[in-house]
Each structure stands twice: as C-alpha cells, then as structure tokens.
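Next comes just one chain, in structure tokens: the form predicted alone.
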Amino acid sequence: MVYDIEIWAKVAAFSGAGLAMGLGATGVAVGEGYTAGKANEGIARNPKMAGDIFKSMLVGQAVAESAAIFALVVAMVLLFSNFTADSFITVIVLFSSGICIGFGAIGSGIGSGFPAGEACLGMARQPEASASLVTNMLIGSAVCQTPSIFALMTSFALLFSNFSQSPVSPTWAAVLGAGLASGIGAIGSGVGGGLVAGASCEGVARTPSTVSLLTKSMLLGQAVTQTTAIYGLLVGFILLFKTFPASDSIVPAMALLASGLCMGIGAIGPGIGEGSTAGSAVKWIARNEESSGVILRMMLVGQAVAESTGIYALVVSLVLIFVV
C-alpha cells in the first residue's frame, strides 16, 4: 500500500509540474506577444525611436516573464524533490501546488503585457516622455505580479506544510480547494491590474505633465483590483491551516472543495471589471486633469459595486467552511 502511494505521488508531482509550467506559460506568452506587437506598431510610427522602444520592449517582457519563472520554480521542485508519501493527502498536495501556480501566473502574465505595450507605443508618440513611461510601466507591471506571488505563496505553503497528522478526508478536499481558490482567484486581479497600468502609460504619453497624478491614480485603481486575489489567498490559507475533523461522509469534503472553487471563480469577474473601471478613469484623467477628483470618486464607487460580487463569493466560501 505504501508503494502504491509513492507511485501516485510521483504521478501527481509530474502532472502538477506539467500543469504549472503549461498553464503558467500561457498568460505570459500572451502578454509578451502583446508587448512586442505594440513595439512594432511604435517603430512603424517613429522609426527613429526603434532603439529605445526595443530596449523598453525587452524590459517589459522580462517583467511579464516573472510569472512564468514562478511557475518554473514550482515545476522544478515538483520534478526533482523527493517527497515523503506517507498519506494520500500528499498526492493531492503535489497536484494542487502545480495547478495553483499554473492558474495564478495566467492573469499576471497577460496583465503585465498591457503597460509594457502601451509604454512602447507611447515612446513613439512622445519621445521626450520616455523616462516617465518606463518608470510608470515598471511600477504598473510590478503590481500586476502580486496575484501570481500570492499563488506562489500558496504553492509553497502546500509543498512545505506537514499534513501527515491530518485525516485524509476531508483534508484532501481542503488542500485541493486551497490551490484552486488562490490560483484561479489570481487571474482576474492580474488582468485587471494590467488594464489600469496600460491606461496609465497611454495617459502619460498623451499628457506627460500628468505623470504624477496618473501614477497615484493607477496605484489606487490597482489596489482595489487586488482585493479579490487577496480573498482567494485568505480562503486558501484558511483551508490549509484550519483543522477539520475526520469524516467518512463525502459531504464535508465537497463543501471544502466547493469553497475553493467558489472563491477562485468568483474572483475573476470582479478583478477584471474593477480594472476596466479604473483603466477608463485613469485614461480620462489624462485628458481632463481638472475633473480628476470627480472621476476618481466615480471610479471608486463603480469599483465598489463590482467588488460586491467578489464579497458574495467570499461569504459563500466562508459559509461552506464554517457553517455547512
């Protein structure tokens, strides 16, 4: 029986590694491709800026690459570490770790491509604002990486926590739900944060004098878009570190698995929606600086309403954990 668990642990580790890198590469490649496409458009508009645009493209793509590197690290750990398979929980833990960072890297990879692409295009339109565009791009792209960092934290927590004393059921569902909550929950925030940062870079290129105001507005908008990823991280950590009594019934296990799915999927829409709201606000602040106060208030109200659906998902997830 021990031998069988060890075999299944290897199967889970290899499958988890493949999904981690496969899913993790998807979003990053999309983001990097978007950046390169905008860079080509910028060079066609202003060939004299080809050198600066090329360097900025590579820097932007390097930041977007971070999410794939996180996935690569987890994949390498899964492939080349010797895990003690003393329980069936280990099998689920290894698989959950892989899908967590795999899903978690998708949104950050896509999102980081938006500011990098708009910065490259903006340099062609406004060469004298190149330094401001690069700074704005780096700040915005860095914030886009935070959801994938949340997923990386959960993946490492799964890999390096000791579940040997926990009952197989319903713990197996809790650890799988944790990976889904944090991983899928990072997608919307990563994409949404990128929408805001891309609009900020576009605004800096249009009106360079507003760079300070746009950067502050971008960070405010991105901060709100990150909240649903934080909900996913919260639910994931509760599922990981709360002790659940042993049960032969499938019901408690399904409640915990449903909790992770609820929060993970429920965080996608709010993150993207809030990013769309903040992106539009930042875009129009660059065109109408005098109305920035009104626009920011409208942005926050709109984001709050979009946030409500993520809160509903959080409430249901917590009910599934603590009440059902």
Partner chain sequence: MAIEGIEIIKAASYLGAGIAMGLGAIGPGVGEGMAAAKACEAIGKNPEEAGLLTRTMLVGQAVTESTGIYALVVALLLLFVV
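Residue numbers count along the first chain shown, from 1. Since we're looking at a predicted model, the values are computed, not measured.
Just so it is clear, the following notes concern the form predicted together with the partner chain, a form of the same protein that is not shown.
- Within 4.5 Å of the partner chain in the model of the complex, a heavy atom is found for none of 139, 153 and 239.
- For the chain shown alone, residue 23 is not a contact residue for the partner chain in the model of the complex, no non-hydrogen atom being within 4.5 angstroms.
- Looking at residue 288, you'd find a heavy atom of it within 4.5 angstroms of the partner chain in the model of the complex.
- Among residues of the shown chain, residue 312 is one whose heavy atoms approach the partner chain to within 4.5 Å in the model of the complex.
- Looking at residue 212, you'd find every heavy atom of it more than 4.5 angstroms from the partner chain in the model of the complex.
- Partner contacts here mean any heavy atom within 4.5 Å of the partner chain in the model of the complex, and among 276-284, 24-32, 41-49, 65-73 they occur only in 276-284.
- Scanning 297-324 for heavy atoms within 4.5 Å of the partner chain in the model of the complex gives 298, 299, 301, 302, 305, 306, 308, 309, 312, 313, 316, 319, 320, 323, 324 in sequence order.
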